[in-house]
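Below you will find one chain, with nothing else, as structure tokens; this is the form predicted on its own, and questions on how it binds or moves follow later.
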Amino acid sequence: MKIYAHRGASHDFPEMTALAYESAVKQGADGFECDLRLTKDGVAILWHDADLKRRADSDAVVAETKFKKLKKIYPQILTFDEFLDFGIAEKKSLLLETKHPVPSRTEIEEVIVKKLKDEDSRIKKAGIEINVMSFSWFAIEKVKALNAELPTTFLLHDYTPWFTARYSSAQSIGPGINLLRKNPALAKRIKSTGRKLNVWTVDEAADITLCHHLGVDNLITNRPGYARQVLRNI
């Protein structure tokens, strides 16, 4: 089971900052997870929320604001280009979550796929895996249309109908730990379709142990160092 740092080592440092990802390396993460949005001027940045209220106490909306202004409000913002460079340099695999719904619709998928194509030789040389994730069924199908070879993960809310996961083109399915805890049999159901199982966001020892026993392929956690410690003691 591989350990992916959810927005970096975000239990200890501000999420999706250079410090969080640098710490994830030190904590032994196999890879990094991030959320991606487009700014008004088309720059792909690492940001979870639609606006900057929670992290920077600002009402600025990512999709309505140019990158330069967002960077001035919150200097720690990372671009996708910077994040990819760091992952390649550290030889860490990447889970890239695209956020929806957004005004630009599936433009973020177009930007990501193009960038990954441009950097294909560097990615292969680093020997890392890159997977695009989304709760949006249409976003996953957009990625397939752009590059059928690029691995994807269809993420599940607690209320996501099973048939949407069953008929997604994604090679991996990503339920949250709450859903898996309530319904452990879901792991076998997902595996029976030939998909990998990527579970978010797993921070407690009992849940990490559960994922191990259920054969989870990729564990996404805010606490990569702690997850590594728990797994060593199983």
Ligand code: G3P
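In this text, residue numbers run from 1 along the sequence as written. Computed from a predicted model, the values in this text were never measured in an experiment.
Omitted from view is the form predicted in complex with the ligand, to which the following refers.
Novice: Counting only heavy atoms and a 4.5 Å cutoff, which of 58-66, 161-169, 177-185, 29-37 contacts the ligand in the model of the complex?
Specialist: Within 4.5 Å of the partner lies stretch 29-37.
Novice: Is A9 close enough to touch the ligand in the model of the complex, meaning at least one heavy atom pair within 4.5 Å?
Specialist: No.
Novice: Is K92 close to the ligand in the model of the complex, meaning a heavy atom pair under 4.5 Å apart or at it?
Specialist: No, K92 is distant from the partner.
Novice: Answer with yes or no whether K142 is in contact with the ligand in the model of the complex, where contact means some heavy atom within 4.5 Å.
Specialist: Judged by the heavy-atom cut-off of 4.5 Å, K142 is well away from the ligand in the model of the complex.
Novice: Is L155 a contact residue for the ligand in the model of the complex, using a 4.5 Å heavy atom cut-off?
Specialist: Because a heavy atom of L155 falls inside 4.5 Å of the ligand in the model of the complex, the answer is yes.
Novice: Heavy atom within 4.5 Å of the ligand in the model of the complex: which residues of 42-69 meet that condition, in order?
Specialist: Only H48 sits within 4.5 Å of the partner.
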